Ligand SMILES: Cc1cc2nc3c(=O)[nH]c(=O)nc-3n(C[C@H](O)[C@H](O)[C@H](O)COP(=O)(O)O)c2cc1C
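This document opens with one chain alone, in structure tokens, the form predicted on its own.
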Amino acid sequence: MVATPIKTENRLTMQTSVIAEGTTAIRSLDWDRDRFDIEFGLQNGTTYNSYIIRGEKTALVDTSHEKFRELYFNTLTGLIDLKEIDYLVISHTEPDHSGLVRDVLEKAPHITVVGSKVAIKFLEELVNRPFTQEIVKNGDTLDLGNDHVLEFVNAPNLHWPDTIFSYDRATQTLFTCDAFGLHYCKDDLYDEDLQAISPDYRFYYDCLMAPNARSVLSAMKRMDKLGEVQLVANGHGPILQHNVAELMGRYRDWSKAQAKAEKVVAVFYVSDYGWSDRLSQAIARGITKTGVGVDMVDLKAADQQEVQELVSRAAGVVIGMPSLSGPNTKETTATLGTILAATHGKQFVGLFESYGDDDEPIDPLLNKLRDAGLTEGFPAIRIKDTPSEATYQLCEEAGTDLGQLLTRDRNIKQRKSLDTDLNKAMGRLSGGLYILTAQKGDVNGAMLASWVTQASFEPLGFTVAVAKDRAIESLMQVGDRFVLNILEEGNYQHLMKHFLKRFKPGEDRFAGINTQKAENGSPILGDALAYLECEVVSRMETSDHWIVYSKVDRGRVSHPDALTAVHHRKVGNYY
């Protein structure tokens, strides 16, 4: 049974449903949220999922975002008397899932909080009051009675260091919080429409889980010992019931591909200090787009031996500056010392401010790393105001620049080795010359393109190939809008020269260029032959490009008698 949604002016609603024997889902639906976590755009809002498991004893699994405080407690107390809740199982302590933990404990101080050692430590700082606690580790169990026995699976870095899964043997339900979720807000409780949710499922993985691919595989290896999983009770989006094997299999395949990366960058952050987590995730997203692997490590929860081993084999090191003071200064200082001792002169480095209250200064650490022979992979990111959309774009582009530096020699070698008759023949496939432009909020992007082909009459549509490491790729998700600017033969060299140059992270692509705004908000190039306003409908993945199919909403030709510029290549393995 699904409860009638409770509506508010901000389109925050609640939904409850019995999803298995003795198990009720409480979903907080955030319909209008268009940015989340690492500040990547959302097309379909999001949800925050919480669960009640009733045996002889009762457990509440996770809470909700603090913006749902009144709605959540009205719904929760309508389902159960808080005095009847024995345990609060914390999958991880990120605020969108633990934002109401303090409130729960104030209303029901008898509850025992169950979580990983790291999660309990984080909660002690968050709640700032004594509470009954039970620390669990991989393989531990919690018997609720009536066959509801929760077995815990250690899943650090998915996507915080304190994450732990819970598996209910009675119902074969796996509670996974962030993992296997997606930002998708609809009334549909389950994953019936696989086609509809697939783009958001993949985008969520790419943003949050791809930088932790090795951790994904480690967690899934532990999950294999649990037995069959009938339901995946995740923390965001629809609950997985109809396509469990398919969607979990995708995680495994995507993570295996990421884990095979020849080179790895170690990205260090502080999970609950300033904006360190979100900024580091944006940088990691940029790195993984280039095919370089990432291992993310929380400075305050790091194992020193593991840090030493990781840094010694990493091709690059990225560090978010921790606090100079605070409860975890001793731990972060020790980890920074281990990092410095393990670095070597063949590595690239990148530093960024966390924009906390008391960041350790960048320059002394940067000077030490330079003295050790490391090369800057991107200019240090110094943040003077609360991070904006443009800040996160800068971070992603900085990560992409670092990844491209690490893959430069490999790419050059591949181009030389593949200069064969086949590639010369492939190069005879000609294409037009176009510039994609996009604007979304404060973020914009542009890219020179030549692999563009009309693909449908009704609706009018075309495909364009976008390399995975292009900055504009993040602005071309399903539902995004952009402009295809068609260049004119004999009048394109200045535009081609401008958009082919290497832009610094965060640099304005349109400085000095004649533009006007399209109805969809994206820039139209004043010197283009024609333009088309487009909306992304679907994406197909290839090895190094996304094939993006888009429908055309409107367009115009500026010079009816002019011809489209044509691009001829000599080989097929390079633009």
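No experiment lies behind these values; they were computed from the predicted model shown. Heads up: residue numbers just count along the shown sequence, starting at 1.
Just so you know, the form predicted together with this ligand exists too; it's not on screen, but the next bit is about it.
None of 277-285, 222-230, 495-503, 323-331 except one has non-hydrogen atoms within 4.5 angstroms of this ligand in the predicted bound form; the exception is 495-503.
Proximity to this ligand in the predicted bound form, defined as a heavy atom within 4.5 Å, singles out one entry of K67, R33, R539, R509, which is R509. Among the residues L351, A302, A170, L448, the one placing a heavy atom within 4.5 Å of this ligand in the predicted bound form is L448.
Proximity of R470 to this ligand in the predicted bound form: non-hydrogen atoms within 4.5 Å are present. Of the heavy atoms in H567, some are within 4.5 Å of this ligand in the predicted bound form. In the predicted bound form, this ligand stays beyond 4.5 Å of every heavy atom belonging to Q439. Interface membership of H545, defined by any non-hydrogen atom within 4.5 Å of this ligand in the predicted bound form, is confirmed.
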